[in-house]
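Presented as structure tokens, the chain that follows is alone, the form predicted alone.
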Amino acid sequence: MKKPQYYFLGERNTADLDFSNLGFDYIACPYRFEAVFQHGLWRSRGLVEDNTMHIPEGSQCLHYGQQLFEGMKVFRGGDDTIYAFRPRDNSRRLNEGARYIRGPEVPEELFIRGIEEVVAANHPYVPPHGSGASLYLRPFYVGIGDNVGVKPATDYVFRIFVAPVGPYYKGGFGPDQGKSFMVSRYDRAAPSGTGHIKAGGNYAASFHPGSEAKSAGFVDAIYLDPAEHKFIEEVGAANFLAFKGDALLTPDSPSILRSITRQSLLEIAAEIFKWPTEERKISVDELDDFSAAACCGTAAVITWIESIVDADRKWEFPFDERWQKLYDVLVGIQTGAKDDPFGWRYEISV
């Protein structure tokens, strides 16, 4: 089938936005991709222009939280080529969540088709190379239907919308952009619960502790393990990283979300820089032994943690140039500025 073309009137190849000064905010773009699951089958609706969804009031996503989402980014290279970063990994993670909440998996072919169509359709909103911005993609999945009982839905909607965004944390990345975090007494997920999947309820549970941390002057909360409150799990909506000597460490726990960015950084550290890496339990008391700390994620990329406060204890971490090295390689691969030895870039034709 011939690929459809999308035309924008005028001579500009990009939208008239101040891409270099964008925040991490929703900006409505013209098109979103949608597919529906009914009668045991997925059916693509293709591109739709309405950014308002109309679903039954009894839908399981509204009452019982049967919904998932993903976050991923698209970048414009120096030669104007457009790249998605590791979209198949997002597809696999979404389907891990779908199996857990007892919904149908989204075929990888449909997921990738949606990514290609929604990016091609909104291509003027992919920020220019070198602007420091990217096109953020939000694939999401909701159970819908006329229902009041506590049970999985029979019908589902899979949709992808996009928005050009700047840094998640104000100021972005750099040796003068350290952030301070507070250890929270609250939990973001239950032991053996849904912390390992990207379910919306995990994030709703972070609103209160996140607000408490911000009211106290911190960027966000750091969550400890929900069973013993001894081990570091996540940093706000990001994963934790630290250097102990030469080794790059990150928490291992069944109740944290395994970030695709985190996995990419571990692979870059091990394969390109030959640094030892470890995924293991990290006690909050072990912060005394770390020389550097950071958090990472699709939205946050890498963010230097300058300090962590836990009640009357405080740890401070100087900026480590190894964060810069990791950041430069990751962003270089994403934007096409560096070779991609891992095969992570996915080129999108416009």
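These numbers come from a predicted model, not from an experiment. Position 1 is the first residue in the sequence shown; the rest follow in order.
Not pictured, yet referred to below: the form predicted together with a small molecule.
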Note: exactly one of Asn122, Thr261, Ser91, Thr250 sits with a heavy atom within 4.5 Å of the small molecule in the model of the complex, namely Thr261
As a check of understanding, the residue in Gly236, Pro87, Gly114, Gly103 with any heavy atom within 4.5 Å of the small molecule in the model of the complex should be identified as Gly236
Which of 175-183, 74-82, 276-284, 198-206 lies within 4.5 Å of the small molecule in the model of the complex, heavy atoms considered? The stretch 198-206
| said: When the contact criterion is heavy atoms within 4.5 Å, does Ser59 count as touching the small molecule in the model of the complex? | reply: no
Is the gap between Leu257 and the small molecule in the model of the complex 4.5 Å or less for some heavy atom pair?
-> yes
Considering non-hydrogen atoms and a 4.5 Å limit, does the small molecule approach Gly65 in the model of the complex? no
So, in the model of the complex, is Ile305 in contact with the small molecule at a 4.5 angstroms heavy atom limit?
no
